[in-house]
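Single chain ahead, written as structure tokens, the form predicted on its own.
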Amino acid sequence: MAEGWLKSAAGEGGTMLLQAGGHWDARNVTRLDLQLRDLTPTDDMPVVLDLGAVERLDTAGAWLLYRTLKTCRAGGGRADFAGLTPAYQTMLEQVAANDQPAEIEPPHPAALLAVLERLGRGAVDVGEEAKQQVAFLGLLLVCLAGSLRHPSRLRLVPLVYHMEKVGFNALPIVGLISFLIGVVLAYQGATQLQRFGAEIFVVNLIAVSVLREIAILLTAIVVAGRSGSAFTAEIGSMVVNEEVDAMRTLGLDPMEVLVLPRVLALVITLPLLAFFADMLGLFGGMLMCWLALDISPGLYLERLQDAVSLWSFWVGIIKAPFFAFLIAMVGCLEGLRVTRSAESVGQQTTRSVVTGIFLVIVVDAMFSIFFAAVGV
């Protein structure tokens, strides 16, 4: 196999003469490329590439020669070809014309591997999120224990203020939703039970569904979307405005000043909201039974007493403080995780609502399993 070769010599007038010969093709480009890269002409030294002894030239060799000429010119010096045949000149012109940058398309992994990669990354993110929530829970419990040992450190004015915001101001929307849910349950239950002549049992359906599950669950979801997002937005805005850093500079603990009053306010008010939702849900069911099934309010209340036990009421109320604690904790945590940008406030607020609702549903399912296991 014929080999290509390259010789360097000093030319006339202080030029650097590069003599190329032999076969400049794909079989020799690796070795020739190393030789060309070892050349170190100075910036002001003219370079002449003499191709008079080249016996064969393909596009690979032409690219090496063109690249060398281009590199020399980029350094500020003069560089030219010599000994070109018409065929070689045409090939070099084609190489120069096609010297256009092109982005390399990244490789596309297999669909199954991509799905597994996303699942793995999601599992890692969930684990990291759970670790941060557990760590924040520990900080919150330590802060709560400190406030119990020193009650004077508890800020009553912010506590009452947040109780009004998350409790009293939420009564209209919670009451309306619970009332409408009671109406829907009564109407849908009556439609199905009338087929069997058992429409009187719609009272049982309304009572058990509203008291044990629907009222507290919907109330918690509304509070997560309303108050949990507000906690995140308020604390996040303070992070953006560097107010939280200012608190730490003054020796104030943001956990005591910002987090604990919000958590306690929601833990106190959510059971009251749950009770209010229970009453409105039962009232909506009673009104629908009276209008659609001709079940009088007196008969409805009498049947209600026979249908439910005291535990049916307490099951929903017992869940409320746990839901409230989770919603407030997630809302405050996401607020403190806001970076100093307005976009981050929106992202963490959305994350707060989604995480809060998810945790509420998970804990509600755990409570359902627990109460079923103990026979309540």
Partner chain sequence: MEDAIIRVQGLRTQFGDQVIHDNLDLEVRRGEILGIVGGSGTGKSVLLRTIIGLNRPAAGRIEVFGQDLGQATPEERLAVEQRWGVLFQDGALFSSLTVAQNIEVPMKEHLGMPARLRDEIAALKIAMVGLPPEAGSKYPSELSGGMRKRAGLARSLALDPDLIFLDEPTAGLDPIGAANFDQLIRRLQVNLGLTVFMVTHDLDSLHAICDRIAVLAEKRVMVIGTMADMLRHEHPWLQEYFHGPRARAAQPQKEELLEEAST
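Here, rigid core means the biggest group of C-alpha atoms that superpose within 1.5 Å across both forms. No experiment lies behind these values; they were computed from the predicted model shown. Residue numbers count along the first chain shown, from 1.
Here the subject shifts to the form predicted in complex with the partner chain, a form of this protein not shown in this document.
- This chain is displayed without the partner chain, yet in the predicted bound form the stretch 336-344 from 316-324, 336-344, 303-311, 47-55 comes within 4.5 Å of it by heavy atoms.
- For Leu113, no non-hydrogen atom is located within 4.5 Å of the partner chain in the predicted bound form, even though that partner is not displayed.
- When contacts are judged by a 4.5 Å heavy atom cut-off, Val29 counts as touching the partner chain in the predicted bound form.
- Contact check for Asp294: every heavy atom lies farther than 4.5 Å from the partner chain in the predicted bound form.
- In the predicted bound form, the partner chain stays beyond 4.5 Å of every heavy atom belonging to Thr249.
- For the residues Gln94, Gln194, Gln132, Ser209, the 4.5 Å heavy atom test against the partner chain in the predicted bound form is passed only by Gln94.
- Residues of 79-118 placing a heavy atom within 4.5 Å of the partner chain in the predicted bound form, in sequence order: Thr90, Met91, Gln94, Val95, Asn98, Gln100, Pro101, Ala102, Glu103, Ile104, Glu105, Pro106.
- Once the rigid core is used as the reference frame, the Cα position of Pro86 differs between the shown form and the other one by 2 Å or more.
- Once both forms are fitted on their rigid core, the CA atom of Ile318 lies less than 2 Å apart between the shown form and the other one.
- Superposition of the core reveals a Cα shift of less than 2 Å for Asn241 between the shown form and the other one.
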